[in-house]
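The chain below stands alone and is given in structure tokens; this is the form predicted on its own.
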């Protein structure tokens, strides 16, 4: 039996705009409206609006929320304060990743968490299974609230006239509650494009109004295709690609997330600190082709005809005007400048390890 795809509150808007809709994590989502390259360039030059309502949103409440999150997250919540968010991973005992996510401290007893679309049920179950005797209640708000990402160098300029909050006072990874044209929203200076910008969360009832208000600023609708090329240029990990249940954050280059948290035990701590100290047998690196071609995920990587790894993400970079990729390879080949081969359509093309991020703007 084929399960019907879920729809976000913006589905009809996407269809009416002529978007190409695809199955993404069980949702019918826009991969592009007109051109992925044009949407990508719009976000790099001015601003774009992304529907990210397929992602999950949890509310965690209780006197032991901080203690609980210290146990299930690898980052250190002592670095937080009210109105601040933090990027982190939840890991299994062996150090591989349950999910990567962002949580925001509204107060020490109340946190808002945004998780990946394909992991909502898994994450909700994982979190609840590890509460133990702690005073923690988790509410899944995913289907009740809509989420939009408003990203690009002109995002502040476009958005400020609509807001009753001074956006200059909202620093990177901080959030505020305010009104957008008299509509209540949760707004955070976060995003996954490598640009300045915001992520907004609000009740479903306001979805169409807020979309319309944002588009009228001059921002362009942007789909999943541009979202992926933007995050790849910025070298942001994507769950299911650079991190998953067989890749650790240290292997993915996210070693900076792994904190010692003296006196605090957390899931995966022992092996992750060991990897951070002594290194891993494989590591994610940046890749370019030295010949014409496009690198895609799962393409095999070779050194002198010996397989040494595989591509985790790859594609054309509209900003750099060339193919870029990330690959998980044996550590002895990780140095920038190392020549290797990438199998593209049964032909080995010359490639090279390059420094990352490919693009940096924030």
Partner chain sequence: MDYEFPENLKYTKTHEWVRIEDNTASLGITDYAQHQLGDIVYIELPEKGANLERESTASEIESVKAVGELLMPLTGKIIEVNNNLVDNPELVNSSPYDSGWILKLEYTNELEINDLLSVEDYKRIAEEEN
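These figures come from a predicted structure and were not determined experimentally. Positions refer to the first chain, counted from 1.
Another form exists, predicted in complex with the partner chain; not displayed. Remarks below refer to it.
- Interface residue among 228, 156, 76, 105 relative to the partner chain in the predicted bound form, by the heavy atom within 4.5 Å criterion: 228.
- Only one of 36, 329, 69, 60 comes within 4.5 Å of the partner chain in the predicted bound form through a heavy atom, and that residue is 36.
- Under a 4.5 angstroms non-hydrogen atom cutoff, the partner chain in the predicted bound form lacks residue 300 among its neighbouring residues.
- The partner chain in the predicted bound form comes within 4.5 Å of a heavy atom belonging to residue 316.
- Contact annotation: residue 350 falls outside 4.5 Å of the partner chain in the predicted bound form, judged by heavy atom distances.
- The partner chain in the predicted bound form is not approached by residue 278, whose heavy atoms all lie more than 4.5 angstroms from it.
- Partner proximity in the predicted bound form, defined as non-hydrogen atoms within 4.5 angstroms of the partner chain, places exactly one of 333-341, 60-68, 292-300, 42-50 at the interface: 292-300.
- Scanning 330-346 for heavy atoms within 4.5 Å of the partner chain in the predicted bound form gives just one residue, 345.
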